[in-house]
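There is one chain below, alone, in C-alpha cells, taken in the form predicted on its own.
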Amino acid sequence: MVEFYQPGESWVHRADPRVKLAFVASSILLLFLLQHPLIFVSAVLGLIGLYRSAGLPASRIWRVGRAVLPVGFLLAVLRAILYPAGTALIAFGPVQITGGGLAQGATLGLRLLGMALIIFLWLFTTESQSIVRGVVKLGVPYPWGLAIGLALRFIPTIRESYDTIVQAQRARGLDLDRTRGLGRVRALLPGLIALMVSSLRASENLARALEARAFGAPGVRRSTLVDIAFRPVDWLFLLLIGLGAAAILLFYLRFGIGADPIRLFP
C-alpha cells in the first residue's frame, strides 16, 4: 500500500471525516468498556460488513488481520495463562487454563482486532487532506493537523522504501532466509541505515516544500481548495452514532449487559 486511502464513491467515503472520527472515538470507548467475547465477535463481523459496503477489497481486511492477529493471539494466550479465573479446565503443574481466563483472553484479542479494523476503516476511506481539514475544523491547530496528515501519509511510504531497499540488497547477495536471531538483526542493519538516510532526505525535501509555501510564516492565513461541510445525511449519521452509543452505554451501565466476560446477561 503506497498510502492508506483507497479511492471509492461509497457512502462511507462520502461521509464527513468528523462523522467518521466520532464513530472511531465512540466505538473504541465501547470496546474498552464491554467485556463479553460474543459482543466482540459481532462487532468484528459488523466491521467486515462495513468494509465490504465501502467497496474495500478483501485484501485490505486481510492485511489488517495479518498484522493484528498474531499479537492478539499472543495477548489472548498470555491473559488466559497468567490470569486464571474460575474452575480449571486444563492444568499443567502451576499453569491452569480456566473458562474465565479463556473468555478474558478472547476478549482481549478480539478487542485489539476490532480497534484495528475501526481505525483502518477510517484511514482507508478518508483522504489525508480531509483528515487534516476535519481535525482543524474540530479546533486542532493547523500545524498539528498537518503533522497528523503527513504522518499517516508517510508511514506506508517508509514501509515501501524499506521493502525496496531490502529487495535491492537481496539482489546483491543478502541472504535473510538462513539467518536467525541476532544474525538476522545484524543482516538488516545496513537496510535500516539506508532507510534512515532516505527518510532524512525525504524530510529535508518536505521541509523545503513547506517553506516554499510559506508554512509557519507569521501573518499568513491558510486557505484550502476544497473545504468540507456537514450535509443533512452527515447530521443523520452523527445522530445515529450518538443514539447507538448512548443505548449501548445505557444497557451496560443500567442493566450490566456485556459487563461480564462469561455471561452476556446478568
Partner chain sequence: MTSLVEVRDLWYAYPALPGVGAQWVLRGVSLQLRAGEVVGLLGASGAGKSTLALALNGSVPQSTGGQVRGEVLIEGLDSKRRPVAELAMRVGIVFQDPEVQFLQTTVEAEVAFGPENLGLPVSEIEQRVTWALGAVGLGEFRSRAPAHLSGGEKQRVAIAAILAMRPRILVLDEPTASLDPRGKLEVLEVIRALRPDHTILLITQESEAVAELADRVLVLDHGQIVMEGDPNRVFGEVERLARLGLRPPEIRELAHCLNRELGVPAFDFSDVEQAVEALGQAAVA
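Only the largest set of C-alpha atoms that superpose within 1.5 Å between the two forms is called the rigid core. Numbering follows the first chain given and starts at 1. All figures in this text were calculated on a predicted structure; none of them were measured in a lab.
Separately, the form predicted together with the partner chain exists; it is not shown, and the next lines address it.
Asker: Using a 4.5 Å heavy atom cut-off, state whether Leu29 contacts the partner chain in the predicted bound form.
Answerer: Close contact is absent here: in the predicted bound form, Leu29 is far from the partner chain, nothing within 4.5 Å, heavy atoms only.
Asker: May I ask you to check whether Pro232 falls inside a 4.5 Å heavy atom distance of the partner chain in the predicted bound form?
Answerer: Taking the distances in the predicted bound form, the answer for Pro232 is no, it never comes within 4.5 Å of the partner chain.
Asker: Check Thr98 for me: does it contact the partner chain in the predicted bound form (non-hydrogen atoms, 4.5 angstroms)?
Answerer: Contact check for Thr98: no, nothing within 4.5 Å of the partner chain in the predicted bound form.
Asker: Using the partner position in the predicted bound form, report whether Arg52 sits within 4.5 Å of the partner chain, counting heavy atoms only.
Answerer: No, Arg52 is distant from the partner.
Asker: Tell me which of 30-38, 234-242, 43-51, 203-211 has residues with heavy atoms within 4.5 angstroms of the partner chain in the predicted bound form?
Answerer: Contact criterion met by 203-211 only.
Asker: Which listed residue (Val77, Leu146, Met115, Leu123) meets the criterion of a heavy atom within 4.5 Å of the partner chain in the predicted bound form?
Answerer: Exactly one listed residue reaches within 4.5 Å, namely Leu146.
Asker: Are there residues in 147-161 with a heavy atom within 4.5 Å of the partner chain in the predicted bound form, and which are they, in order?
Answerer: If the 4.5 Å heavy-atom criterion is applied to the partner chain in the predicted bound form, 147-161 yields Leu150, Arg153, Phe154.
Asker: Any CA movement of 2 Å or more for Ser161 between the shown form and the other one, core superposed?
Answerer: True for Ser161: a C-alpha shift of 2 Å or more.
Asker: Take the rigid core as the frame of reference and indicate whether the C-alpha of Ala58 shifts by 2 Å or more between the shown form and the other one.
Answerer: Comparing the forms between the shown form and the other one, which are aligned on their rigid core, Ala58 does not shift its C-alpha by 2 Å or more.
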